[in-house]
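Two versions of one and the same chain are coming, encoded as structure tokens; call them structure 1 and structure 2.
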Structure 1
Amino acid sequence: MAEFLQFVFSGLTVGAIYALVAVGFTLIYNASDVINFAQGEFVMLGGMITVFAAAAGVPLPLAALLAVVVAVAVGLLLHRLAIEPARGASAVTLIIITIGASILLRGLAAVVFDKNFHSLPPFIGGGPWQIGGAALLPQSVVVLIGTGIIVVLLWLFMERTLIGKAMVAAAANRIAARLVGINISSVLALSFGLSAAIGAVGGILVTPITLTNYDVGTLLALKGFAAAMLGGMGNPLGAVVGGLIVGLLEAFGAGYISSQYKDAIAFLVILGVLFAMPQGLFGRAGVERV
């Protein structure tokens, strides 16, 4: 039982980060139909900038804020310089552009920072908590609570603000949204900025547990993409549920089978969804854009 609980704790912790990455995928996909494979680089930037800013003497909260601001700026630049000029291009072209952006950001991070692994001190001190014989790190609770707060804030933003409703309207029908005066270009830019901020916060939260370096974004993007597909591409709730499921599958696979196959779980999820349930758990099978 203790072993099972330990895998649950580990799976939920990493799954929460996958969920944030998947939510980033969902936001951009809904607003622009673009699958942004540079989403994982926002997570990397959040962790790396915080680490190096804190090492330079910047207080940790300000270092984290700086990381989020820089990630948002990068997200906006990605939209302005790479996605906006390619408006009207095919989905494959847009995916290739985001993959190229991911490679560029990874290379710049290797030059600006370094190629070593780095960590941050836990946000809550003290040893692990013993629950049912399993150890739960206080930082894992921070990750789970932080993810929950971000999801709730995002829901409130989308449902209770005019800007959020404009994003929902643009996602439902872009032409109709333009006809009622919504600036589609601004909505798309906002989706990239929001996704970058969410990814950066995820990177800051998880760095004390999993470490970070210039290259962590690629795998996070693939696992976040698997989570988004499992939940149903375009569904924020599905992204969260998909992220947690992928995290749990990964933890149980590593624990009961072999840790060597841990990273293969996400690819198996992608293949399983494509073959058996292309619309995902909460997919929008009945929605068609015209």
Structure 2
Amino acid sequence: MAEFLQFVFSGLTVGAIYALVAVGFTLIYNASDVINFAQGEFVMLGGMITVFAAAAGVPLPLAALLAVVVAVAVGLLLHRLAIEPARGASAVTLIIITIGASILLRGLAAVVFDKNFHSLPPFIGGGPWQIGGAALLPQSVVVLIGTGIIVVLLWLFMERTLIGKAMVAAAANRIAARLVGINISSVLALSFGLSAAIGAVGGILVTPITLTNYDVGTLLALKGFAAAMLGGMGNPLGAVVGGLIVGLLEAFGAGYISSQYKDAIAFLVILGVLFAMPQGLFGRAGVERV
């Protein structure tokens, strides 16, 4: 039982970060049909900038804020300089642009920072808490609560504000949204900024547990993408659930079956789900117009 609980804790912690990456994918996908493969780089930027700002003597909360601001700026620049000029290009062309951006950002991070692994001190002091025989890191709780707050804020933003509703409308039908006067280009920019902020916060929260370096984005993007697809592309709730499931599958797979094949177990389950439900867990079945 203690073992089981332990796997739940570690699975949920990692899963929360996958969920944040998946939500970032979803936001940009809904606004533009683009799978932004630079999504993991926002997570990396969040962690790395906080680490280096803190090392330079900036107090941790300010360093974290700075990291989010820079990540948002990078997200907006990515949209303004790389996505906007290629407007009208096919989705696959735009995806290659985001892959280029991801290589570029990784290269920049390696030059501006370095190639070593870095950590942050946990946000809450004290040793791990013992719950039912399993150890729970205080930082894991911070990650989970932080993820929860982001998801709730995002939901409120989408449901309660006019700008949020404009985003939802643009996701539902871009042409109709434009006809009622929504500025699609601003919505797209907003989705990049928002995704960058969410990714950066995720990176800051998880760095005390998993460490960070210039190269962590690739794997996170890959897992986040899988999580988003598992949940059903375009569905933010599905993205969160998908992320948590992928995290739990990895933790249980590593614990009970084989740590070498933990990623395999996660992907086998994802493949199985997709074969049974080709639109993911929460996706709507698409209708093709001829």
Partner chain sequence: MRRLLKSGHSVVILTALLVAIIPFLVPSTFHLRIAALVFIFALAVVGLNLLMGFAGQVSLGHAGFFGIGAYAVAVGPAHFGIPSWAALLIGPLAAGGLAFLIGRPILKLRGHYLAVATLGMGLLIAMVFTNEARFTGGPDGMPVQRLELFGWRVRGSQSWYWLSGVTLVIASWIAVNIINSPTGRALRAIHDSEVASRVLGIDVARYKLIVFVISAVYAAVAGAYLALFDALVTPATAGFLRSIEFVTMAVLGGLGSILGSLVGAAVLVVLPQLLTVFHDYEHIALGLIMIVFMIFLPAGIVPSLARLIMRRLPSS
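Whichever C-alpha set is largest while still superposing within 1.5 Å between the two forms counts as the rigid core. Sequence positions of structure 1, starting at 1, serve as the residue numbers. Values in this document were obtained by computation on a predicted structure and should not be read as measured data.
Engineer: Of structures 1 and 2, which one represents the form predicted alone?
Structural biologist: That would be structure 1.
Engineer: D263: after superposing the rigid core, is there a C-alpha shift of 2 Å or more between structure 1 and structure 2?
Structural biologist: Superposed on the core, D263 moves its C-alpha 2 Å or more between structure 1 and structure 2.
Engineer: Hey, does L12 budge by 2 Å or more at the Cα between structure 1 and structure 2 once the core is superposed?
Structural biologist: No, the C-alpha moves less than 2 Å.
Engineer: Having superposed the rigid core, state how many Å the Cα of L274 shifts between structure 1 and structure 2.
Structural biologist: Its alpha carbon moves by 4.6 Å.
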